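Given as structure tokens, the chain that follows is alone and in the form predicted on its own.
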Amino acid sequence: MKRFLVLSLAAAMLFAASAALAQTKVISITQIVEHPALDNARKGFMDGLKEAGVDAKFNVHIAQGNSATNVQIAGQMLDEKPNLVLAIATPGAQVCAQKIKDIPVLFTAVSDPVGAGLVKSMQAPGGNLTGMTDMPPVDKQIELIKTILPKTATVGIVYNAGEANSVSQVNAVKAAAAPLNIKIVEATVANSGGVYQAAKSLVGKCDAVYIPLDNTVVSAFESLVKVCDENKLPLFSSDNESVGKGAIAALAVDYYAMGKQTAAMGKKILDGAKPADLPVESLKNLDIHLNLKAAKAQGVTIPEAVVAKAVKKFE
């Protein structure tokens, strides 16, 4: 009888352990490169799932900007047999779309999901992927530049022409700048090592520099700031995190908040929703961040009306 009770107790403990293990969700994350915006999106996602009561084991992979590594990560994630994959930024999401067919894939920080070939439409993704776009309101961003620098006639843009999200955003900037009679001067790079020279090529050719949501350029933002500081060239960014690193201003989404909203979508999928049925979402709340120290270094006086609207100021 005693032996029977011991065996029963062991079986119950084993069952309980198995049940707990089954409740733990395995989530594989791929991120093309580390920089503050993408890091905050990842942290917001992980915090958001925890707050939603999801018991999750996260396998985080960083491609460090390497295309070959980006592809290898997709294979590694398949071996992990996750319940859900999160792809942060366009390059990782595109590889997941090609390699992962039977596991739901959520993306975040992707500017143009349709143009990147990830979904059929924003309202009806139609496949195995859905997520959040971080396409910024480029028209309002250009207006912000014009408000701070009313005489701006030419804006320089440094970006990686190999990043689909950047190409899409640059085209949107051109469309937004035309009615304001602002000319766009482009300087493209193939990798982060080329950012400094690309920025140097814009000196004397533009009144301000604008940086899209370009992972290659943002990962080498310090070299861009160096050129702009040395040449009194006002620098504006598409993400708030780059303001703290030396851009004068940004009107942009909060990537941590975007990560948390992405987590809410992830919770729905883990509860049984299909990515095909979840429309691509965007973050509606935009904040102005200012770096008054950077403005002084780059020879700019920000109007008091803009300063008064800023949610965050670096001084």
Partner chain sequence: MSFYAFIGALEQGLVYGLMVLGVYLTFRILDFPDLTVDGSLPLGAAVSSVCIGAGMDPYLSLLPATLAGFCAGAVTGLLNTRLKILHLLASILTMIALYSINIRIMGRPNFTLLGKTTVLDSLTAFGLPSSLAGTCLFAAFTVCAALALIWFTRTELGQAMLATGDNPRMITALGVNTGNMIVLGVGLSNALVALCGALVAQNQGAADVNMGVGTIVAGLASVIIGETLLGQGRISRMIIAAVLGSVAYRLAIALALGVKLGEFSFSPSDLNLITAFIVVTALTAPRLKRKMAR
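Predicted model only: the values in this text are computed from it and were never measured. Residue numbers count along the first chain shown, from 1.
There is also a form predicted in complex with the partner chain; it is not shown, and the following applies to it.
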property: Non-hydrogen atom within 4.5 angstroms of the partner chain in the predicted complex for each of 134, 220 and 223; result: no
property: In the predicted complex, segment of 92-100, 239-247, 140-148, 179-187 with a heavy atom within 4.5 Å of the partner chain; result: 92-100
property: Residue 51: touches the partner chain in the predicted complex, heavy atom cutoff 4.5 angstroms; result: no
property: Interface membership of residue 34, the partner chain in the predicted complex, 4.5 Å heavy atom rule; result: yes
property: Contact of residue 60 with the partner chain in the predicted complex (heavy atom, 4.5 Å); result: yes
property: In the predicted complex, residue 195 touching the partner chain (heavy atom, 4.5 Å); result: no
property: The unique member of 76, 171, 121, 201 whose heavy atoms fall within 4.5 Å of the partner chain in the predicted complex; result: 76
property: In the predicted complex: members of 105-119 within 4.5 Å of the partner chain, any heavy atom; result: 112, 115, 116, 117, 118
